[in-house]
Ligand SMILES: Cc1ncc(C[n+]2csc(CCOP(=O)(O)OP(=O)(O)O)c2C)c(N)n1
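The chain below stands alone and is given in structure tokens; this is the form predicted alone.
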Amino acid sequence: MTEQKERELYFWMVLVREFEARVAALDKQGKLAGGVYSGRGQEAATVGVCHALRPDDWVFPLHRDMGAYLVKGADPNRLMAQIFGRRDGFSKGKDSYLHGGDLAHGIFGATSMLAATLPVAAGMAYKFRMKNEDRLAVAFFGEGASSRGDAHEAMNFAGVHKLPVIFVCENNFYAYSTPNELQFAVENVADRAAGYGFKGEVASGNDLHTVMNVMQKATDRARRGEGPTFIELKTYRYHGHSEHDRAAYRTEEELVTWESRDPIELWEHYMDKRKYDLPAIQAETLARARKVVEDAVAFAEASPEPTGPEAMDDLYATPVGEGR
């Protein structure tokens, strides 16, 4: 891997963290519409997964997957406008960040019923198979969402039909406040993959190299027609379930232990070992990321609020043959 590529990966992780830090601050100022769900500490998972994809592949991110939006090509300005609930956001101010997708860049919006998009991802992969398209669908979900029927149905269907879909479980050990041992009796969520008839992979979600390696194997397998992969990335969120959750259900020792495995710091250590000029790279990357975030906030604040009558727009698809 070239230095340029490694610096690009570093930029994406830093941008995600800076973007989310600013969003958390804006939420405390009462400027945002809807809830805020930080993925701080999980940056390597989304960046590593999405960096392996092509522009025509599709992703199905959830509420803690800011990196999937940014790496997949979503405009940071429009993404921030979506978070603000403004007209220039992806849903034109009609919905929160959680539900905002960017179809032009292959990003399908989530729903509040987590795991509900997994069957949609399987359906899209089925379409790719039917049309002989060399494309993939990637569905993100958490270990808590893995207990829902939607997840089972999607994976069972995908396994039967050997679909080009990759299921990525970001296991951060808490479904809101429920720990893993109260969620499932297996050691790893990906152990369930055997029951669906396809490969399960368990990897560190904080080590960017590991994420990229396991994702590359999964994409290669899917493009060869060998079916789905269940990837479980073990990671950790530093914040609570949402910005209003103090996360009193976990210990300070646990949090510090995981912060010592910080994905950005691990990548910095790697670049330092590669004899790069790390202080210069850090300064340049942080300045670049903060410029993107500042521009996005300015754009969002300048974007108009949606008006009442606009609530009736886009309720139905334009019938075929009309509007031409």
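Since this is a predicted model, take the numbers as computed values, not measurements. Quick note: we count residues from 1 along the sequence shown, nothing fancier.
Same protein, other form: the form predicted together with the named molecule, not shown, and the subject of what follows.
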**the named molecule in the model of the complex: contacting segment from 84-92, 135-143, 155-163, 198-206, heavy atom within 4.5 Å** = 135-143
**Message:** Between Lys72, Arg78, His241, Lys234, only one gets a heavy atom within 4.5 angstroms of the named molecule in the model of the complex; which residue is that?
**Reply:** His241
**Request:** Name the single residue among Met113, Ala248, Ala185, Met130 that comes within 4.5 Å of the named molecule in the model of the complex, judging by heavy atoms.
**Result:** Met113
**Message:** Is Ala175 part of the interface with the named molecule in the model of the complex - any heavy atom within 4.5 Å?
**Reply:** yes
**Request:** Although the named molecule is absent from this view, report whether Arg221 comes within 4.5 Å of it in the model of the complex, heavy atoms only.
**Result:** no
**Message:** Taking the named molecule as it sits in the model of the complex, is Arg148 near enough to touch it, meaning that at least one heavy atom pair lies within 4.5 angstroms?
**Reply:** yes
**Request:** Taking the named molecule as it sits in the model of the complex, which residues of 31-69 have a non-hydrogen atom within 4.5 Å of it? Please list them.
**Result:** His63, Arg64
